[in-house]
Structure formats: structure tokens, C-alpha cells
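There is one chain below, alone, in C-alpha cells, taken in the form predicted on its own.
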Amino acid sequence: MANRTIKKIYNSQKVNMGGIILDQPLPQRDMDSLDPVLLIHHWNDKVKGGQHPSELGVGPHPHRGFSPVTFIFKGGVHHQDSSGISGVIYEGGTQWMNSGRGIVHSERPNKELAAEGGDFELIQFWVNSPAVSKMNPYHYQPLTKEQTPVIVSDDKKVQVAVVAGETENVKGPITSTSPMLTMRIEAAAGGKKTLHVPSNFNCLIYVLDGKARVNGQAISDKQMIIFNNDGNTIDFESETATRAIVLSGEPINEPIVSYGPFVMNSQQEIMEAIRDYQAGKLGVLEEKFS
């Protein structure tokens, strides 16, 4: 086993997505994506309360050709889609949506949070699908904190939740369209853990908050480390209480053409996605708030 070397460290950029201010570690000016991960958005805000869920979050919108994934850290996210699925996942949970040939969905804070107010924090990242899977049937996978297996470090100070993929004989429950290993890290000050990631997987670590050392290199909140594919272990040591995510996957190595909520392999396929959406072939979502 050999430690991966660090390729580069990036600071997140602030972006405005329809009036919502987010931290965006990926893409960067010199890096469009880290195959198969296409983008990462970190949304950390306070909900003021006294509102209806329909006033908050992201309303109905389409997707085709990739998987939008949401890690919930504070509050809850109410997912509704045009296939009739409706459900809320709370902090520590995951919503993994293989959009396949297409779906229309919405993502909003849960009704209690909208009414009472409170902290709301999530990370959404987009995972590309290989061409052979882009037109598969839609598949929504909700995962609660309790359903997510956790690896605990020898010093009991680091918890690694395995969402998708397998490491140290622990398998995450989520099924991805290409081989991946995605993990969530919660560490107390002074915690140490060696992470195991296949050497052929592209890999990044993003720190939500705290200060840590990764293979001896200092990293802190809103920073992302990109690794070289030259080893299968990563030494993680927290200097303060730290939360982080690990996103890694086998490169798909196929052409990517994207337009808004569609990620395909050619411009023709993008035009087909737009036409199908306009024709209602991705479904229609009429939101319901009980």
C-alpha cells in the first residue's frame, strides 16, 4: 500500500444559483470536472421560518443522463418527482437519483424547517453516467443516516460513513452507474484514520469545516484536495472537529456535452433531451405539500 500524492488544493468559489449563494469547489477555472464527478455545490444557510416550503429550495426542473446526489448535513430535504415519489431525508442521510432517460423533480426544505426556521446545510454533487446507462429507467435511492454503515477509527475519534462503493469490507447501500466510493467523514480533534481508495479511482476530499492534515498537508474549511492516481491510501488527521467528504470513482473517459440539467455524449442527444422535456416526455410534477 502506498499513500497517494496530492495534485492540487483548491479554494471554493462563491456562486449565485438563482438567488441562492453557494460554495462551489468544482468546477474550477482550470478543471471542468474530475471524471466521473461533474460539479460540487455546498449550500449552508439559515431558514428564517414562517414560510411555506413552496417559497424555498429548488422548484420542479428536469434531469437526464447523470446522477444528482445530495448529502444532507442539517435540516431535511423534501424530494418530489414526476414518477410520483415523495419523501423527506434528514441530516446524515443521502438522496441519490439516477436520472437516466429523464425525470422532473423538486428539492425543498421540509415543512417543519420552513415553518419553524433553523439551520439548513447540504452538498449536492453530480455524477456522470456512462453512455450505456444514460437512457436507463429513472431510479431514486433515499438513504437515512441509520441505514448508512460507519467505519470507526481505532482512536474512536473519526467516523467514516460509506454511502456507495466498498472499503475495508464495508459496502455502501447505494448503487451507482459506474464504480465509485463515496464517504462522509466526521472527526473530533486529534482523530486519525487511514482511508483506502482504489488506485485507479480519481479521488478528491472536500472539507466543509474544521482543520485537518491530509498526507501531512494542511487543509481547512471550503478547500478541496485533488489526488494523483499513484496510491491506494490517504492519511487523514483532524486538528479540530472536522467534517469532510470523499468522492472517488473509476474514470468513464467518454465525451461530455452538457446543457443546464442535461449531461449527454453529443450535441444531438442534448437537443433530443430538450425536445423530450418540452414535449412532456420526462413527466410533469405537480407538487403537493401536506
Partner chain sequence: MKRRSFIAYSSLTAIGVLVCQSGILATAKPIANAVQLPEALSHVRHGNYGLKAIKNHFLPKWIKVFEPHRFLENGFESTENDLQLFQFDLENQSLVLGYNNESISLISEGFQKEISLHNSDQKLRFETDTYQVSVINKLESLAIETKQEHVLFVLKGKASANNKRLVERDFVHFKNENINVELSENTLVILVSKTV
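Bear in mind that the values here come from a model prediction, so they are computed numbers and not experimental data. Residue numbers count along the first chain shown, from 1.
Note that the form predicted together with its partner chain isn't included here; everything after this is about it.
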One stretch from 257 to 265, 236 to 244, 47 to 55, 223 to 231 that, in the predicted bound form, holds residues within 4.5 Å of its partner chain by heavy atom: 257 to 265
Its partner chain contact in the predicted bound form: residue 15, any heavy atom under 4.5 Å: yes
4.5 Å heavy atom contact, residue 63 and its partner chain in the predicted bound form: yes
Touches its partner chain in the predicted bound form: residue 11 (any heavy atom, 4.5 Å): no
In the predicted bound form, residue 107 touching its partner chain (heavy atom, 4.5 Å): yes
Residue among 82, 141, 153, 124 with a heavy atom within 4.5 Å of its partner chain in the predicted bound form: 124
